[in-house]
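Just one chain follows, in the form predicted alone, and it is written as structure tokens.
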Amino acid sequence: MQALTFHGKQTISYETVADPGIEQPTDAIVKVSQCSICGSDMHPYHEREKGLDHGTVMGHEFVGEVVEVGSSVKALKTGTQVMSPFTISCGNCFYCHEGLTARCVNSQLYGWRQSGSGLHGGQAELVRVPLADSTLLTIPDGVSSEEAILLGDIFSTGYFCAANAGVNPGGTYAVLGCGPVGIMAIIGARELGAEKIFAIDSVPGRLSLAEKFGATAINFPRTNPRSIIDEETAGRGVDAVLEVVGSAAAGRSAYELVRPGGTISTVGVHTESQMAFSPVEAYDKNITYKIGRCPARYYMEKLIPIVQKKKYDLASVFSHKMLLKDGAEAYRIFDKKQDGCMKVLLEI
């Protein structure tokens, strides 16, 4: 099959690799129809996260058709159109029952192989899905393939960020970073009743999209976000910050913008070795800090009805559609944000 594979820092190849096969009776093989590049793919791409084996198939956002199932798979059959969260999960362990499917005892992330073990990703013609019955979901009526891809990662992640922030109708909130996950966090906050949401970024196109989804845009290199927020909150700061960037600068900004007794909800993938603020600073502000990987499999089912209502044009975050064979160039465009690139959908 053809796939996009990792070969070192900022080096993605479109090449022929071995087709995946059934390895365990709980496996399924999915023929991928569409996949996409995620912001978190940039961490191994730039080797901010190190250890990824060369030759690993990239990507964790995909949809497609089941073409083969293991002998123990009962809920799926060949020909079923399916979507997947970005990690697999068993559905039976303590963490799965708690709704924390991202920390399933059998969890693995697509597109991460290290020292010869792990899962290949979905930026390929075929992908092997372990624990298929409890991982994959049939794409329901009223959900497009693009929306299904978003359910499997960034819509679930954005909503999770808003839920962890404790968003409610009476609060004032700030979203740090208006890339695809930030836009989904704005939508999540709106679904939870937020009326006052500040969207903070430096890219005009992203801020314009945030405004379309009901946020008040702040271009932080041009305007001091704290001065605007102080005017709206009598100098307190926001009730919660939804931080989706995953950098030390964003972490520090979140601390500076949140009010005493407020919450910082972080879903950005952090790779730095220490917090952006000290325990003393957190103590002195009575901060609640919530961070971690989204349990996407849990949230996907909860969010399907929102997608089916077509309240939001979720697929508008896809700024570019390209072919898988042009994936190396797609990575470069996405990385450099060329041509206003927000998110790339790859067609097989």
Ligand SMILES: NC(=O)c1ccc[n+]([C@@H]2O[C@H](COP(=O)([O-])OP(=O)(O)OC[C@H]3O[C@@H](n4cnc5c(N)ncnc54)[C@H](O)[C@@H]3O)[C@@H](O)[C@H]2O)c1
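Since this is a predicted model, take the numbers as computed values, not measurements. Counting begins at 1, following the sequence as shown.
Note that the form predicted together with the named molecule isn't included here; everything after this is about it.
Novice: Pick from His43, His320, Lys290, Lys31: which residue has any heavy atom within 4.5 angstroms of the named molecule in the predicted complex?
Specialist: Of His43, His320, Lys290, Lys31, the residue with a heavy atom within 4.5 Å of the named molecule in the predicted complex is His43.
Novice: Given that the named molecule is left out here, which of Gly179, Gly166, Pro130, Gly214 has a heavy atom within 4.5 Å of it in the predicted complex?
Specialist: Selected option: Gly179.
Novice: Given a 4.5 Å cut-off on heavy atoms, tell me which of 22-30, 292-300, 275-283, 66-74 is the interface stretch with the named molecule in the predicted complex.
Specialist: Every other range fails; the passing one is 292-300.
Novice: Give a yes or no on whether every one of Val244, Ala250 and Val267 sits within 4.5 angstroms of the named molecule in the predicted complex by heavy atom.
Specialist: Yes: Val244, Ala250 and Val267 each sit within 4.5 Å of the named molecule in the predicted complex.
Novice: Even though the partner isn't displayed, in the predicted complex is Val203 close enough to the named molecule, meaning a heavy atom within 4.5 Å?
Specialist: Output for Val203 is yes: heavy atoms within 4.5 Å of the named molecule.
Novice: Examine Gly39 and determine whether its closest non-hydrogen atom to the named molecule in the predicted complex is within 4.5 angstroms.
Specialist: Looking in the predicted complex, residue contacts with the named molecule include Gly39, since a heavy atom lies within 4.5 Å.
Novice: I'd like to know whether Lys325 contacts the named molecule in the predicted complex, with contact meaning heavy atoms within 4.5 angstroms.
Specialist: Lys325: no, not in contact with the named molecule in the predicted complex.
Novice: Is Phe220 close to the named molecule in the predicted complex, meaning a heavy atom pair under 4.5 Å apart or at it?
Specialist: Although the named molecule is absent here, Phe220 would touch it in the predicted complex, with heavy atoms inside 4.5 Å.
Novice: Would you give me the residues of 67-96 that have any heavy atom within 4.5 Å of the named molecule in the predicted complex, in order from first to last?
Specialist: Only a single residue, Phe86, comes within 4.5 Å of the partner.
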